[in-house]
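Shown here is one chain on its own, the form predicted alone, set out as structure tokens.
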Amino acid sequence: MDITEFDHHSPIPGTTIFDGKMAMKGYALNKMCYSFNAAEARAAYLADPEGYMETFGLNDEQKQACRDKNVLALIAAGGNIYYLAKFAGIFRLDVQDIGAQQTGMTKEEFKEKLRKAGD
């Protein structure tokens, strides 16, 4: 059986599927984000982001997404949202900040959308 027979993902507009290919693409990025479990690693990143990204071998796309603090670009670069939460936490970005990025809204617009959905 050919491996392509197992590729049964249906495209969902605006959604990046995190599969084996994306896991391989984002390995260095996710490894770096996992390191942020340690306070020393978070401090080292903040002290020298470029050097820290270089230590983990991030590619140019991943580095730029980190510089921009753009979660959608990080996902597109192979980032897993669970590891990216560690990255976002360094900059005190919460789930509502990330939701706002994902929907193209400001944080206040996103919060209002959530409030309305609860009515």
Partner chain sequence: MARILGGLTTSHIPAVGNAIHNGLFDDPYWKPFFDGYPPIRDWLDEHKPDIAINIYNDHGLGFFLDKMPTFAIGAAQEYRNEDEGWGIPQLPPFPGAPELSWHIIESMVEQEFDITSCQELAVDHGFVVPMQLFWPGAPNNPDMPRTIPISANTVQHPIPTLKRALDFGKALRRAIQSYPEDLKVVVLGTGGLSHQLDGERAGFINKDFDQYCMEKIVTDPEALTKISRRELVEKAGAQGTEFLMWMMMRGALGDTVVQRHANYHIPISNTGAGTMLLECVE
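Numbering follows the first chain given and starts at 1. No experiment lies behind these values; they were computed from the predicted model shown.
Keep in mind that the form predicted together with its partner chain is not shown, yet the notes after this line are about it.
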Quiz item: Is there a heavy atom of Ile81 lying 4.5 Å or less from a heavy atom of its partner chain in the model of the complex?
Solution: yes
Quiz item: With the partner left out of view, is Gln62 within 4.5 angstroms of its partner chain in the model of the complex by any non-hydrogen atom?
Solution: no
Quiz item: Should Gln96 be classed as touching its partner chain in the model of the complex when contacts are defined as heavy atoms within 4.5 Å?
Solution: yes
Quiz item: Does Glu109 reach its partner chain in the model of the complex, with heavy atoms at most 4.5 Å apart?
Solution: no
Quiz item: Along 86 to 119, which positions have a non-hydrogen atom within 4.5 Å of its partner chain in the model of the complex?
Solution: Lys86, Gly89, Val95, Gln96, Gly99, Gln102, Thr103, Phe110, Lys113, Leu114, Arg115, Ala117, Gly118, Asp119
